[in-house]
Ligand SMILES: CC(C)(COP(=O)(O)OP(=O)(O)OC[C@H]1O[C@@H](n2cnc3c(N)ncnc32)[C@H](O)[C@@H]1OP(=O)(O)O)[C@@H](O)C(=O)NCCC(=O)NCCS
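Starting off, we have a lone chain in the form predicted on its own, written out as structure tokens.
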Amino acid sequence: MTTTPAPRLVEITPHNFEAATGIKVRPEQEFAVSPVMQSLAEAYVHPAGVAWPRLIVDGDRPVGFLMAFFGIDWKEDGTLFRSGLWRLNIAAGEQGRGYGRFAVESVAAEIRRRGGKEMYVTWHTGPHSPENFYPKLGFRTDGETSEGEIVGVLDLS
């Protein structure tokens, strides 16, 4: 009996940096998510522990990238702190195989582990956007937007 390894998250290191930055979404989706290189640069300029970039691998194959955020100053005035999924890039040829769901569930588990009760995400609307993906996973909206994107929240309690 052969078992197939489950997808897993791995820290970005010098050894997998090129694999991580090589993750590309489909061209028609590029408007909706920043490239991995930009995400890694943003992770670098935020205080330690705020950004959580991870490569999604299946076996030894890189299939995606995610970046979570923990305790980010949402309003930039020290009055509202949130945690959630900042970026999700599933490689063009790997979409539709459950890796996006795995990524969301993994971030939710990490937020719970850190004591969080809610998980936030933002998304663009329109053709080729993830606007149907997140609500299917339980994210709800209340009309809040951030920098022109829809804000969704998932209850983790």
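Residue positions are given as counts along the sequence shown, with the first one as 1. All figures in this text were calculated on a predicted structure; none of them were measured in a lab.
From this point on, the text means the form predicted in complex with the ligand, which you will not see here.
Contact with the ligand in the model of the complex, judged by any heavy atom within 4.5 Å, is made by just one of Arg114, Arg101, His46, Arg61: Arg101. For Leu66, no non-hydrogen atom is located within 4.5 Å of the ligand in the model of the complex, even though that partner is not displayed. Not displayed here, the ligand is kept clear of Ala19 by more than 4.5 Å at the level of heavy atoms in the model of the complex. In the model of the complex, the ligand stays beyond 4.5 Å of every heavy atom belonging to Leu40. For Gly96, a non-hydrogen atom is located within 4.5 Å of the ligand in the model of the complex, even though that partner is not displayed. Residues within 4.5 angstroms of the ligand in the model of the complex, judged by any non-hydrogen atom, belong to 126 to 134 and to none of the other stretches in 126 to 134, 66 to 74, 46 to 54, 106 to 114.
Residues from 12 to 46 that approach the ligand in the model of the complex with a non-hydrogen atom closer than or equal to 4.5 Å are Val25, Gln29, Ala32, Val33, in the order they occur in the chain.
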